[in-house]
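Single chain ahead, written as structure tokens, the form predicted alone.
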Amino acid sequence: MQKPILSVRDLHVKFKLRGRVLHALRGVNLDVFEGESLAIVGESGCGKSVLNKNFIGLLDQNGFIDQGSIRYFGMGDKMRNHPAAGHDQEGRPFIDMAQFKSNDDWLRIRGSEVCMIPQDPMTSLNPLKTIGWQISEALELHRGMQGKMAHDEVIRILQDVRIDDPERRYKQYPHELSGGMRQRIVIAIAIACQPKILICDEPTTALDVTIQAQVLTLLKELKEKYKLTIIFITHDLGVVANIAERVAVMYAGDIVELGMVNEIFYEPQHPYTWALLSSLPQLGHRGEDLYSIKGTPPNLFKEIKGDAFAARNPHALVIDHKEQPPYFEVSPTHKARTWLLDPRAPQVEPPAALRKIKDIGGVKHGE
């Protein structure tokens, strides 16, 4: 049986804002398996980035973990004397990152174990330093390389991320490169750290469609070559279809559906997942308005009763407004948090438009 490299249990994250408390993550449970590509999707503000910032210690200063655990199994016994270290029921050593208290703890994880590719490469690169210097810095900090050894490794990494004429690019500055090349440089810096988990926070958002496809292909190649586990944050379902093996659908600070990519696209079970898929432009008809989800997400400053999506769900049951649904298992790899899967619930069919997804060839990974 596949074992997780990262295991999140009952994670609650809150933010203090102007004397009020915002409940950003509401009991998230998630396993990330070694070597997989997991996409986390949902509307803006659903908690995708907040969740992943907890994996690398970049939570904003006014944010804090209220309860829960984040067990990372990738370090073996390297931190066995740390107060947050332990062993699971099978004897596998882990470090609970939710218990970290200082930046010194995170320095042993960030970069060398878990690394992040941010959305905007231009604001992530130092405009005053050359490309070669910035990648060499990662090699020096995380792998102890200097001088000619570091230079040669930078050239090799630049070739791996498909940068042409790497010797010339080594001496250039970020403003001399295109947006797509700058994104490749950010990926190169992440790869130079040799992490086990690579978090991609919407890395193709600012790129045109052609360059986007090239970057996604590059990430898939690097995943195999460097034996990476990839967590991909996005709201673009087209990107999900191209890169993901599994998909977690987030809404209002919780994961409402989780499954293999073909299960999420072809057999979605949660009404919110139905709504997201119905919003695909490819499902629209010429001359008609594109589908949009009515209403707005709930106010996370207030306590949410029942299903957070109930107020926007045209198929909501009475119990949806009173009690949060548990996860119902659809298959060993697929589960959803919706009362519609309860045996006592009325039969509700997904929107007819979703039948067209197979016709447009949306899913490539799961076929």
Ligand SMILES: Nc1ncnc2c1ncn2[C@@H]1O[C@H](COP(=O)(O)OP(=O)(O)OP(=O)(O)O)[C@@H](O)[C@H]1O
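This is a predicted model, so every value here is computed, not measured. Rigid core here is just the name for the largest C-alpha set that superposes within 1.5 Å across the two forms. Don't overthink the numbering: it's just position in the shown sequence, from 1.
Only in words, not in the display: the form predicted together with the named molecule, which the text now covers.
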| query | finding |
| --- | --- |
| The named molecule in the model of the complex reached by all of Glu221, Pro268 and Ala352, non-hydrogen atom within 4.5 Å | no |
| Stretch in contact in the model of the complex with the named molecule, which is absent here, among 59-67, 334-342, 313-321, 31-39 (heavy atoms within 4.5 Å) | 59-67 |
| Interface membership of Gly86, the named molecule in the model of the complex, 4.5 Å heavy atom rule | no |
| Partner contact for Asp77 in the model of the complex: the named molecule, 4.5 angstroms, heavy atom | no |
| Proximity of Leu300 to the named molecule in the model of the complex, heavy atoms at 4.5 Å | yes |
| Non-hydrogen atom contact Leu17 with the named molecule in the model of the complex at 4.5 angstroms | yes |
| Single option in Ile191, Ile155, Met181, Leu280 placed near the named molecule in the model of the complex, where near means a heavy atom within 4.5 Å | Met181 |
| Partner-contacting position among Ser112, Thr130, Asn262, Gln119 - heavy atom within 4.5 Å of the named molecule in the model of the complex | Gln119 |
| In the model of the complex, residues of 39-53 near the named molecule [heavy atom within 4.5 Å] | Glu43, Ser44, Gly45, Cys46, Gly47, Lys48, Ser49, Val50 |
| Threshold 2 Å Cα movement between this form and the one not shown at Gly74, rigid core reference | no |
| Is_shifted Gly179 between this form and the one not shown (CA, 2 Å cut-off, rigid core) | yes |
